[in-house]
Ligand code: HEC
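The chain below stands alone, shown as structure tokens; this is the form predicted on its own.
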């Protein structure tokens, strides 16, 4: 049984300001890079990460290497620092969401995050509220019992 989430068709609000420009349209759309190339799932795969600048530099040491943004990216890479990206989606600390569980069940990244491969700038498009999750579970005929998603408090 596949699990997916309902998304909103167009951006609701402008996305947060970012330290470097990044176009998902170019990377995931035009170049057809898979999400997992930049958003890996270390360990158990519960939380997706953002690629280290050194990963980006595998291509950008030759592509657009003279652009100011790529020079700034190269500086992060040479210093061994992460780019301080501003998250588009944030869950409260008391919420546990398993990317692995959803991906293993057949959900696509775009089910929650929207059509990012068509976006130059990201904004929050998917409804990741509890109500949005429950609506999707109902639509996909997946349990909405509280303990299905939430650990019982001891």
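Quick caveat: nothing in here was measured; it's all calculated off a predicted structure. Note that the rigid core is defined as the largest set of C-alphas that superpose within 1.5 Å between two forms. Numbering follows the first chain given and starts at 1.
One more form of this protein exists, namely the form predicted in complex with heme C; it is left out here, but the text below deals with it.
Heme C in the predicted complex comes within 4.5 Å of a heavy atom belonging to residue 21. None of the heavy atoms of residue 15 is located within 4.5 Å of heme C in the predicted complex. Contacts of stretch 108-139 with heme C in the predicted complex, defined by any heavy atom lying within 4.5 Å, are made by 108, 109, 111, 112, 113, 116, 117, 122, 128, 129, 130, 132, 133, 134, 136, 137, listed in sequence order. The Cα shift for residue 140 between this form and the one not shown, taken after rigid core superposition, is 2 angstroms or larger.
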